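What follows is a single chain, given as structure tokens, in the form predicted on its own.
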């Protein structure tokens, strides 16, 4: 793969944010080029073997989800975290059946679990991580909550890299490129604490019966503006380095995933920046992790070659994303009165009160015993299935667990 070298890197404390890099050629020829980085496919494939791709899904068209899963490179493990409906018609059952069929055809390792499975909530409770649970000890609704479930499953597989792919992508081939872009970023990274965030080259919409290849969405443009303003007011020089404030397609090293906190719902992606600024940014009150601070934290922003065509969620969804994104910036510890006043002005009628409410923040997952967590899922969770090497492993694990419990009882 041939990828443009970053022309500028914004250094903000221990956080290095690389300027956007374009994909110049998905399959390159290995020629020396001072303006670009040529990454051999063997290196990318090596990352794939250490990679898990998480696909959060909620009531998407089954053909869309299947296309996304089929496009993920074979060497990657796939983790589907569903929050789809269980009442008739049982959408989750259709997703699970499709996953099993896909595994039978491809033999790719695929894990699937339902976000609202009571036994999943119990596993979190037993792990001491009740921040993700509602009052009924069930995992809350929300995208971030599904992502945390997926990250724990990825850790249980021993993966070094964790990535995310939206389930509503109409172009399966673009998903394959996204995973390759992630891998390219990790091949360039010098720090074990790194993140790759994708900027879609275009986000097409239908306008008067024609495709209009739009460059920016309203939420992304606004979020980027205020994250950059926050950095600018701290360093004293204006910057526009951040262009991936709401990047749903992103990936990070497991080492970085372990030390980040997570904002609930759809504010999770912009909160990555805020969490890093608060814990590692310029003039941060308290450094979150000394090893990460010394190694430095790298953020790569890569512009894809493929456009992204997905389901339109409507104005309410867009407004909720905007509100959640700007709330994270408003409550950043490094935010000053100027930025807060601009955020309040931007939010306008979306605010119910004089100030935005604080998002729910969930602490790092690094201390959770993932082996014990997954053992509980395998032994009790009705919706959890792990397809590997031609077998569905969770059924065998459940039988073994029940036999052990029977022996203990006797």
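Residue numbers count along the first chain shown, from 1. Keep in mind that what you see is a predicted model, and the values were worked out from it rather than measured.
Omitted from view is the form predicted together with a small molecule, to which the following refers.
**Student:** Which single stretch, out of 243-251, 174-182, 123-131, 102-110, brings residue heavy atoms within 4.5 Å of the small molecule in the predicted complex?
**Tutor:** Heavy atoms within 4.5 Å of the small molecule in the predicted complex occur in 243-251.
**Student:** Between the small molecule and 6, 199 and 303, in the predicted complex, does every residue show a non-hydrogen atom at 4.5 Å or closer?
**Tutor:** Looking in the predicted complex, the three residues 6, 199 and 303 all stay beyond 4.5 Å of the small molecule (heavy atoms).
**Student:** Could you work out which of 310, 96, 255, 340 is the residue within 4.5 angstroms of the small molecule in the predicted complex, going by heavy atoms?
**Tutor:** Among 310, 96, 255, 340, a heavy atom within 4.5 Å of the small molecule in the predicted complex occurs only for 310.
**Student:** Which pick from 262, 273, 330, 266 sits with a heavy atom within 4.5 Å of the small molecule in the predicted complex?
**Tutor:** Filtering the options by heavy-atom distance leaves 266.
**Student:** Answer yes if any heavy atom of residue 143 is within 4.5 Å of a heavy atom of the small molecule in the predicted complex; otherwise answer no.
**Tutor:** The answer is yes: residue 143 has a heavy atom within 4.5 Å of the small molecule.
**Student:** Look up in the predicted complex whether residue 57 has a non-hydrogen atom within 4.5 angstroms of the small molecule, and give yes or no.
**Tutor:** Flag for residue 57 set to yes.
**Student:** Consider residue 317 of the chain shown here, and say whether it contacts the small molecule in the predicted complex, taking contact as heavy atoms within 4.5 Å.
**Tutor:** Looking in the predicted complex, residue contacts with the small molecule include residue 317, since a heavy atom lies within 4.5 Å.
**Student:** Given that the partner is absent here, does residue 160 sit within 4.5 Å of the small molecule in the predicted complex, heavy atoms only?
**Tutor:** Heavy-atom contact with the small molecule at 4.5 Å: absent for residue 160.
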